[in-house]
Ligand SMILES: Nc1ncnc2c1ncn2[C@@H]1O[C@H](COP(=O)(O)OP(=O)(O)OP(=O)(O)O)[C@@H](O)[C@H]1O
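The chain that follows stands alone, in the form predicted alone, written as structure tokens.
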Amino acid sequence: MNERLYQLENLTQIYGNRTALDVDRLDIEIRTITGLIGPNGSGKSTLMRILAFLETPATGRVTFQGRPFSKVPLDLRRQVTMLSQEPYLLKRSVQANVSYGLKLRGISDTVHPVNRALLKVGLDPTRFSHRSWRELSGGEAQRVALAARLVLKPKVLLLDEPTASVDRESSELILHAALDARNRWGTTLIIISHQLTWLRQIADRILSMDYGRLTQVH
């Protein structure tokens, strides 16, 4: 049996007077692929933001590798990264964007890791490294954003509709690169996607959400 990575109990998130999330219990094991499906507004993105340490839940218990949510140290939190539907890039070159996380971690020799990460998402470093963020298509920008996460060899990669706004080629490259991270480094993947056929092919389980609650496990 795999080691538990996350444990959630009696978890809620409330915005104003609206309960956006109400999860009795959820365990996610290390090195697994979990799919999340459900209509817009069902709580999927809220759950992902909590798993990414971007939001603190209103109530409930969250542990990560056995540590309570509030006591997970920064070095462990940095092993969790999320890619959303709309990529956020620094107003800098591709090289600067992909190397940013490495430099935050005190790594100065970034050229080779950045080149490898760009190749993983189908971007030729000789053509793209020095391009400005302004010169990228939507699909290229999303791939650069993914490369900026893959270069860190994350323990957890959260993908929130990563292919919803990109062309088919970019979609296939993004999905292949994410699966390669699981196979190569044992990265745990949690994926929100409307591509149910694809999720069924690759996920260890698929969770349905509606009105903030987990309604079904496939």
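Counting begins at 1, following the sequence as shown. All values derive from a computational prediction rather than experimental measurement.
From this point on, the text means the form predicted in complex with this ligand, which you will not see here.
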| item | value |
| --- | --- |
| Touches this ligand in the predicted complex: Gly60 (any heavy atom, 4.5 Å) | no |
| Contact label in the predicted complex: Asn40 to this ligand, heavy atom within 4.5 Å | yes |
| Distance check, Gln85 to this ligand in the predicted complex, heavy atom within 4.5 Å | yes |
| Contact flag, Ala20 vs this ligand in the predicted complex, heavy atom cut 4.5 Å | yes |
| Contacting member of Thr187, Ser170, Ser45, Thr34, with respect to this ligand in the predicted complex [4.5 Å, heavy atom] | Ser45 |
| Stretch in contact in the predicted complex with this ligand, which is absent here, among 178-186, 46-54, 150-158, 65-73 (heavy atoms within 4.5 Å) | 46-54 |
